[in-house]
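Here's a solo chain for you in structure tokens, the form predicted on its own.
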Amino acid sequence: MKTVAVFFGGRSAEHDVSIITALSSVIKPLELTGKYKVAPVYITKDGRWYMHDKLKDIKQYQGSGIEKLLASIKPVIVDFDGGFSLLQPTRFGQKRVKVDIAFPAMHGTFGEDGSLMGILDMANVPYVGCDLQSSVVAMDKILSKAVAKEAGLPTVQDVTFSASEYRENSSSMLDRIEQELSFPAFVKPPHLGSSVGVMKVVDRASLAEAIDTALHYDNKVLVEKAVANLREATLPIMGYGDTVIPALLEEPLFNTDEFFDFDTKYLRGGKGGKKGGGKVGAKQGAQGYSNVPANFPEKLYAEVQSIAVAGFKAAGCCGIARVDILIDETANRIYFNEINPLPGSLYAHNWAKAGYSNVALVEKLIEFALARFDERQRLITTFDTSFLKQF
């Protein structure tokens, strides 16, 4: 029986979201297949790696449970000798767990941004989801928009700059944004997901405040012109090579004076949420209220889906990702917005409606991971030369 190591937590602002994705949408379905031994690998906010079956229980992360558990065990040692293994210190030595397949469930920094994928590539172990290159593109909102533009996809007007550029002349940068974009606008840290640090601004004062906030999370800032008459859509997609499987187009629902920020996604409509302004007839998904499938006219639905799939392909995505789209309903304009290379809870609620149970979803993702791994094993990455003989 193959061992699948599920990586979650991490040194990321999306640490807690990662725990939910791993425990509810990855570990449980993998165990239900009856095909794999599942090793939960929890990475703390300060970067320590732990492996223990009790880490599969959500109750451990509530209150002080996790601190007590981690105090009773020791961090694992990562071993790259002859593959990828995790060494668990025990009273009588070490327990070696050889990882046959890795399943990253780490959102944000040092996870879905390609950092973990680089380690797994070096270890030569198959892993689920986007590869290193597409993860880097997808998790950089500035880079993914540039790739989308190059592919001929429409994007919203923006201004981008680095922390050093802003520090050199903040007043000039604020002037530029006001002149080129006007208000309202959105300020985003380009390397974070789950809408962490995203703020809507309506004047110069709120713009300056939002930029300062974004620079606490990132060393670059993306400011985008707000889309009028906005409707949003998102499309989970999975695949590898010539196989691209879109799920159902989904429309998040929220009040017109709000936007789909972290609070709206995870707190208001979530378990026990009291504030959600859910509309009658809407379905409550993993991230609040939404229409699945989106209640769009047939032509609009097809156009939005086409742009989302084109964005997925342009970024070189594989495994699974989610593409977000913005729509000006009055002007009938559709814009590529961004790509999430690791959808929260893998957007299992959407895939279920598209005909893939949680179990079927993780099995399909492992199938794609193994296909990519097998194909890459045929590539030549080293060769013998006489170069060193000259020294």
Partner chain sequence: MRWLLATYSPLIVRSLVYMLQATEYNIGSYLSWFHRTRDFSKVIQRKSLVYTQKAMLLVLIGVAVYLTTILIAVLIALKGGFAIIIGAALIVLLPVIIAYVIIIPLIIGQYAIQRPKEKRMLEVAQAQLRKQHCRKIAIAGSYGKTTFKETLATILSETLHVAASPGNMNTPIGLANFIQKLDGSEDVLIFEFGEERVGDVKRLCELTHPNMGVITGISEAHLSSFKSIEAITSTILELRDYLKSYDVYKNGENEFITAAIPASDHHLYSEEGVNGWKVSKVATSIEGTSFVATKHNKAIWAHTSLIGRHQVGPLVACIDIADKLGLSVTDIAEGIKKTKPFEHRMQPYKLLGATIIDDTYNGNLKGMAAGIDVLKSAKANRKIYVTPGLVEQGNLKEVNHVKIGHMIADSDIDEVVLMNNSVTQYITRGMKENGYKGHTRIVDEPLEFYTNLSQYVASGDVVLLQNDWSDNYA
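Numbering follows the first chain given and starts at 1. Fair warning: this is a prediction, and the values are worked out from it, not measured in the lab.
There is also a form predicted together with the partner chain; it is not shown, and the following applies to it.
Checking 333, 59, 48, 35 against the partner chain in the predicted complex, a heavy atom within 4.5 Å turns up for just one residue: 35.
Contact with the partner chain in the predicted complex, judged as any non-hydrogen atom within 4.5 angstroms, is confined among 39 to 47, 336 to 344, 318 to 326, 349 to 357 to 349 to 357. Although the partner is absent here, residue 28 lies within 4.5 Å of the partner chain in the predicted complex, judged by heavy atoms.
In the predicted complex, no residue of 322 to 343 lies within 4.5 Å of the partner chain by any heavy atom.
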